[in-house]
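Take a look at this one chain, the form predicted alone, written out in structure tokens.
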Amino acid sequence: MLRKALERVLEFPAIYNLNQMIGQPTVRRYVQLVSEEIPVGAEMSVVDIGCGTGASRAVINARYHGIDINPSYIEAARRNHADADFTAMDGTKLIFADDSFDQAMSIATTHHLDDSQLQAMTAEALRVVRPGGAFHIIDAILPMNPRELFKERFFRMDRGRFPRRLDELQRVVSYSGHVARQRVLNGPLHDVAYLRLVPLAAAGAKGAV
């Protein structure tokens, strides 16, 4: 009962933003991975799936389109970032045409999705990315060191009901795309994973050369 009440409270943009401030050690790792791993430029376009209130806009130097299933988050994002586009949308059912963006990204979203939803989001992200682009996933994972029980218990209290270990995350997304690169940053609250996914067909063609 208490957990459900807390989850409802976090649907409010102001509380969501406060939660982001509390989790700054993890957020800083998200920002580091975005800046070091996602190749963007002012002339490029990026779709951010599960954008929340749009905080990632500040670290993306590109034509940015954020989507989130929560309309309240999208309203807040539009108020805070007039230089970007935001749409309330289900990330597993994107309305964009094929090859609409140079890159796709998702931060702190996978642990809110069950396996079938995550596979669908991955497939949709890769569908809307142009050839040569990728789907970049950044999210907290269960600790790499199983002895770090505090980090595991802390993450399992999150309103996202599907925390995964790195190998579990890789296994699920690999049904829809090829993991071309992975990286993990350890942190005091969470370990944070980065996965770069490309279409399975593109990975197969590259391997055949």
Ligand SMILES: C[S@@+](CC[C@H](N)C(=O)[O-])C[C@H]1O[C@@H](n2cnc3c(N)ncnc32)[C@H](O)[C@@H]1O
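All residue numbers refer to positions in the sequence shown, first residue = 1. Just so it is clear, the model here is predicted, and its values are computed rather than measured.
Separately, the form predicted in complex with the named molecule exists; it is not shown, and the next lines address it.
Asker: Would you kindly say which of I60, V173, L142, I67 lies with a heavy atom within 4.5 Å of the named molecule in the model of the complex?
Answerer: Comparing distances to the named molecule in the model of the complex, the residue within 4.5 Å is I67.
Asker: Would you kindly say which of A76, A134, A108, A84 lies with a heavy atom within 4.5 Å of the named molecule in the model of the complex?
Answerer: Result of the distance check: A108.
Asker: Look at the candidate spot formed by G50, A55 and T92 and say whether the named molecule comes within 4.5 Å of a heavy atom in all three of them in the model of the complex.
Answerer: All three within 4.5 Å in the model of the complex.
Asker: Please determine whether H112 contacts the named molecule in the model of the complex, using a 4.5 Å cut-off between heavy atoms.
Answerer: Looking in the model of the complex, residue contacts with the named molecule include H112, since a heavy atom lies within 4.5 Å.
Asker: Report the stretch among 76-84, 95-103, 126-134, 112-120 that approaches the named molecule in the model of the complex to within 4.5 Å, counting heavy atoms only.
Answerer: Result for this chain: 112-120.
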